[in-house]
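Given as structure tokens, the chain that follows is alone and in the form predicted on its own.
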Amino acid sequence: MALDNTYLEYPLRRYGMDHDRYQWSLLAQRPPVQWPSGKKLALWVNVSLQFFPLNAQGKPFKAPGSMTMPYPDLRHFTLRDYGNRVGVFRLLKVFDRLGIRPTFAVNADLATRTPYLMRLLRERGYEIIAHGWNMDTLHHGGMNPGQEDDLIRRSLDVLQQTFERNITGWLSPARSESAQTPDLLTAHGIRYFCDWVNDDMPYAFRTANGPLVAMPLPTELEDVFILMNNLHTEESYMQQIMDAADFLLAEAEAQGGRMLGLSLHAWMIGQPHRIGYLERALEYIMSKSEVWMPENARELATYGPWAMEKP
């Protein structure tokens, strides 16, 4: 039986896509982006610092890395805690040696539980991205808008009090969103978010409460995705990062500046048998004279044409 014509009538139907969140374009056809001093590749390193509740409800789904065994799943709970007790300090040593300025996406719940770690990050002046409340408070389509609005507000309040500054970046736990999440984020002063992974470059994003910048943080190069989900070796993880850097540098020669985003988790990549492979990959990238290390993700979000486009 043929569908009624009303099924084909959609007010936002248009060439390229069927929504108006951003202007549709092909990356290869955009005007070239010029990074400072003629650099070809911007490196953005983000470390997610997370709290996984021992009594996780897993609604509407379990976030990657969540508890999997019957309560109390102390095996996985303590492994996640390892990242905030041990792994993150190994990462800091690597960053210090190579001159890398990372951003840190922080669960607000963790900020209330690890004052020493938060004080260290504050003293070092790192850019802090709000990472929601914890890894069991997911933003999703079945959520009441008022409940989600309160969750965002509560998360930002705790982080802004902890770090004594405005928080303007956001990464949802498990990158899970509802349809209204971007609109609620801009209502609370968020200027860039890292949930959408449909590009290699930042781009201007439209919301009901003003412009937002989408900062793609690639899932395909994420440590948890490669090592835990895909079960690749640490050496393969290292090689994939270096391959991505080489390809983007070559592409930038013809098409303008490119961005390489790396998503790290202290409980995963901070392990003693893994940290060396990350260090070798980052050392390889930083040895390239064409690589630009911005001060933080906010600098990238406010640098290019994406920061100037208006809805």
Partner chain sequence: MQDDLHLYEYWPYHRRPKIVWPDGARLALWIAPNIEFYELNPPDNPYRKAWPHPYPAVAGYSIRDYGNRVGHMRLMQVLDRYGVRGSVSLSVALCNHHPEIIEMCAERQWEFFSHGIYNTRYTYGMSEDQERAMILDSIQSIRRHTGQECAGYLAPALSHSEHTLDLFAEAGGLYTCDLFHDDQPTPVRVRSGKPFISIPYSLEMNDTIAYVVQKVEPRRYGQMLRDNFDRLYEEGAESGTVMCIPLHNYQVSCPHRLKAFEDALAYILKHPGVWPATGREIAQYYMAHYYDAAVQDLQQKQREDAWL
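Numbering follows the first chain given and starts at 1. C-alpha atoms forming the largest set that superposes within 1.5 Å between two forms make up the rigid core. Just so we're clear, the structure is a prediction, and the values are computed from it rather than from any experiment.
There is also a form predicted in complex with the partner chain; it is not shown, and the following applies to it.
- With a 4.5 Å heavy atom cut-off, would you call residue 154 a contact of the partner chain in the predicted bound form? Flag for residue 154 set to no.
- Is residue 302 close enough to the partner chain in the predicted bound form to count, meaning some heavy atom within 4.5 Å? It does not: once the partner chain is placed as it appears in the predicted bound form, residue 302 has no heavy atom within 4.5 Å of it.
- Message: Is it the case that residue 115, even though its partner is missing from this view, gets within 4.5 Å of the partner chain in the predicted bound form, heavy atoms only?
- Response: Close contact is absent here: in the predicted bound form, residue 115 is far from the partner chain, nothing within 4.5 Å, heavy atoms only.
- Partner proximity in the predicted bound form: residue 229 to the partner chain, non-hydrogen atom cutoff 4.5 Å: Close contact exists here: in the predicted bound form, residue 229 approaches the partner chain to within 4.5 Å, heavy atoms only.
- Among 279-287, 32-40, 244-252, 50-58, the region lying within 4.5 Å of the partner chain in the predicted bound form by heavy atom distance: Answer to the contact question: 244-252.
- Query: Within 4.5 Å of the partner chain in the predicted bound form, do we find a heavy atom from each of 148, 184 and 291?
  - Reply: Result no, not one residue of the spot touches the partner chain.
- Message: Going by heavy atom distances of 4.5 angstroms or less, which of 84, 178, 137, 207 would be at the interface with the partner chain in the predicted bound form?
- Response: Comparing distances to the partner chain in the predicted bound form, the residue within 4.5 Å is 178.
- Task: Between 211-241 and the partner chain in the predicted bound form, list the residues on our side with a heavy atom within 4.5 Å.
- Result: The stretch touches the partner through 220, 221, 225, 229, 230, 232, 233, 236, 239, 240.
- Quick one: once the rigid core is lined up, does residue 9 have its C-alpha move by 2 Å or more between the shown form and the other one? Indeed, residue 9 is displaced by 2 Å or more.
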